[in-house]
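Take a look at this single chain in structure tokens; it is the form predicted on its own.
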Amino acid sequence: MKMKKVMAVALSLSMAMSLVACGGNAGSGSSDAGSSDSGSADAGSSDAGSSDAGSESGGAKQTDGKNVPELTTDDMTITLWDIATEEPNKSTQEAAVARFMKDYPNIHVEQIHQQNDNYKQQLVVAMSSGKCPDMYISWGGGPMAEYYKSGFADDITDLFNKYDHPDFIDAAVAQGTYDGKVIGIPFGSLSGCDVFYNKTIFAENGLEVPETLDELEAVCEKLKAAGITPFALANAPKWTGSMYYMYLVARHSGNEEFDAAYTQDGGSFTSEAFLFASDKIQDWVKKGYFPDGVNSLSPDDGQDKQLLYDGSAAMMLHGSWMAGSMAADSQEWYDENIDVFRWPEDAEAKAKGVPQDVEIGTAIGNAFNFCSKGDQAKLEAMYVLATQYFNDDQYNKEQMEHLNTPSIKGYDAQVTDPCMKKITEVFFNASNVQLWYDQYLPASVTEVHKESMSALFGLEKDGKQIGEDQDKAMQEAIADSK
């Protein structure tokens, strides 16, 4: 199958995938099963270890008593791709595979860890060369729809309706659904986008948490006067800068202008909200609100959070996973110095009736998609692995321990970390959640979008120019899909 077909834009994708209401009951029976041991499988991008215990020796399986498919007793190999290259996710996900293989020792899972930044491209290459993994992660949204339309993601609606699965929140199910069909099984955690800030610096400088963009800019000016960089941003991967762009667009227009630009049906990435966001970012760059050399700094090396640690910067707009990352670096410092607030409102847009409760992030964390190539026995085995082991009590316990909130009903009430409680409350009170642009847009457009963010923060192109670049890429993707 030609790569352009794999990359084709899913124009009929329901915009509910970018505008998903949070909360509610999703799905049938719960599968928060108790687990056996939680030992990690063999490390590295090789096969996860298994045990001789389990069904062959008559031992109880953690799926006993559950309404799940009766899996084959024939030997089977499942190839699984994920992006769990770092701890704690690496051990948590390998342990889920190990628990499954302990219960089903005839089924071998070849778990291969891929680097996040190149994952999408590697997946498309594998699909185009006829080597698509049996089970792989996605983020829902536009790319997942492309995989399905190109024949590389199975429709699992019947399995989802017939068998047990976790009681996912509606937003998570929506982001794993395309054209009314369930395509992906959520796992991982909710990922909200909020502003982490050094509350010690705020207190020392007499600063209050800003509620509007005007108040945010006033805070930035006071920080600059005190010799402190307002925002810790490492934009080498380019998607980190996109967070600012997305929030400014969302606060200025809700989701209306992005939806129109996505379809190119009377919309454009040069519309008012996009130009507002671009102009605001470049104004902030010129005023020194971001660190010098922002496009050369890497979050993978911790160069953004390090600016918070040494007091060089006061705020950091980032995904909620940063709470666990900072707490892991130093729980004491994190507790003493870090708090969080939601991205401030656009008062002028609010006065015009623009909703201010659209948040950025994902309700799905990640999803598992399946490419069974018509092998029903393999599809059923992958469904059980995804729903009963990557979403069991042990998996979710480890998620919560690392300050991640599973996208399963009821877990929001179990959050105890003060920052994560605020983030979760913001997320669950949102009217809509806009999936990250770099996950929602077609892969070819995503690359142009990311390059645009580098040019924007580098003052190489203005908002109109990057908007035209994104329009052109979107139009080409639309044409390729026909």
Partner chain sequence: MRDKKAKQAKGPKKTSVAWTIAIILALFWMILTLVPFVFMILNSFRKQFDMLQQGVFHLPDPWYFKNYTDVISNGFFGYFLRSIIVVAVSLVLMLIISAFAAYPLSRMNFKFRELIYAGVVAMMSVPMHVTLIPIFKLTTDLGMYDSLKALIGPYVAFALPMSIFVLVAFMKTIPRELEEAAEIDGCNRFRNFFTIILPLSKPGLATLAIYNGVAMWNEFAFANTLIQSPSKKTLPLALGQFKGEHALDIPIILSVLTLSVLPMIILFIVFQDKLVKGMMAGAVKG
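Predicted, not measured: the structure shown is a model, and the values here were computed from it. Numbering follows the first chain given and starts at 1.
What comes next is about the form predicted in complex with its partner chain, which does not appear here.
Colleague: Just to be sure I understand the contacts: of S330, T200, T73, Q376, which is the one whose heavy atoms reach within 4.5 angstroms of its partner chain in the predicted bound form?
Modeller: Contact residue from the list: S330.
Colleague: Would you kindly say which of T212, Q394, N116, S271 lies with a heavy atom within 4.5 Å of its partner chain in the predicted bound form?
Modeller: Result of the distance check: N116.
Colleague: Counting only non-hydrogen atoms, which stretch in 119 to 127, 406 to 414, 169 to 177, 260 to 268 is within 4.5 Å of its partner chain in the predicted bound form?
Modeller: Selected range: 119 to 127.
Colleague: Can any non-hydrogen atom of E208 be found within 4.5 angstroms of its partner chain in the predicted bound form?
Modeller: Answer no; every heavy atom of E208 is more than 4.5 Å from its partner chain in the predicted bound form.
Colleague: May I ask you to check whether H402 falls inside a 4.5 Å heavy atom distance of its partner chain in the predicted bound form?
Modeller: So H402 does not count as contacting its partner chain.
Colleague: Wondering, does T85 line up within 4.5 Å of its partner chain in the predicted bound form on heavy atoms?
Modeller: Although its partner chain is absent here, T85 would touch it in the predicted bound form, with heavy atoms inside 4.5 Å.
Colleague: Does Q306 reach its partner chain in the predicted bound form if we count a contact as any heavy atom within 4.5 Å?
Modeller: Yes.
Colleague: Taking heavy atoms and a 4.5 Å limit, what residues of 282 to 314 are near its partner chain in the predicted bound form?
Modeller: Counting only heavy atoms within 4.5 Å of its partner chain in the predicted bound form, the contacting residues of 282 to 314 are D300, D301, G302, K305, Q306, Y309, D310.
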